[in-house]
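Two versions of one and the same chain are coming, encoded as structure tokens; call them structure 1 and structure 2.
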Structure 1
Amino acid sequence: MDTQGLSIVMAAAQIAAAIALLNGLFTTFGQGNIASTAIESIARQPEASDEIRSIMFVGLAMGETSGIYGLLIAIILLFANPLVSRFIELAF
């Protein structure tokens, strides 16, 4: 029983998941940038607010993509990690 090796693999997966979630920092920064620019342009041109709002939502969703990718990487590392099953296969 090589439980020490398995625990090292698990700990590395947890740390890697936390690092993968750090990209939320930049995603949020970019989304805040998009929203603030949209508010500025709505304030300058209130009659175009409907069009600007729909473009802003598409832009927000595009910017959110990288954040969601990080979340999925974290979920795969935590719940469906291929390395853990590979390690168990090799060790036991």
Structure 2
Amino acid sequence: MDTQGLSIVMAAAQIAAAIALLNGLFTTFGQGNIASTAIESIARQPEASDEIRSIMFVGLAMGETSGIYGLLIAIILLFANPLVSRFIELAF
């Protein structure tokens, strides 16, 4: 049994999952930037607040989707990693 190769594949998957979860950190900063810019725009032009608010919600939804995709990739890499099963097929 090639445990060293399997441990390298598992370690690489965990590092990749950590990098994918960094997406959530950047998503948070992006959403904060969207909200602050929208509040600033509403303060400058209160008559356009409805339009600015609707555009803000679309931007927040797109940003949150990016964070959810990063979480999904991390979960797949940690719990349903296709590389591990492929490595076991090739090694044995």
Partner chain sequence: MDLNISNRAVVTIFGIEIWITETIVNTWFIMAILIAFAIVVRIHIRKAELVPRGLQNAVEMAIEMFDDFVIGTVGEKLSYLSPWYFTVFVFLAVSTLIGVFGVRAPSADWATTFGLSLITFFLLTILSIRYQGLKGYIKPLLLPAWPFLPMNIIGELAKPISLSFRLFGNMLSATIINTMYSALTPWWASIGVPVFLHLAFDIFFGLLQVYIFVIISLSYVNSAVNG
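Structure 1's sequence is the ruler for residue numbers, which start at 1. The term rigid core refers to the maximal set of C-alpha atoms that superpose within 1.5 Å between the two forms. Small disclaimer: the values here were computed from a predicted structure and weren't measured.
A.B. asks: Which of these two, 1 or 2, is the form predicted on its own?
C.D. replies: Structure 2.
A.B. asks: For the rigid-body motion of this chain between the two structures, what is the smaller part's rotation angle in degrees?
C.D. replies: The angle the smaller part turns through between the two structures is 22 degrees.
A.B. asks: With the two forms matched on the core, what distance in Å separates the two CA positions of I42 between the two structures?
C.D. replies: Rounded to one decimal, the shift is 6.9 Å.
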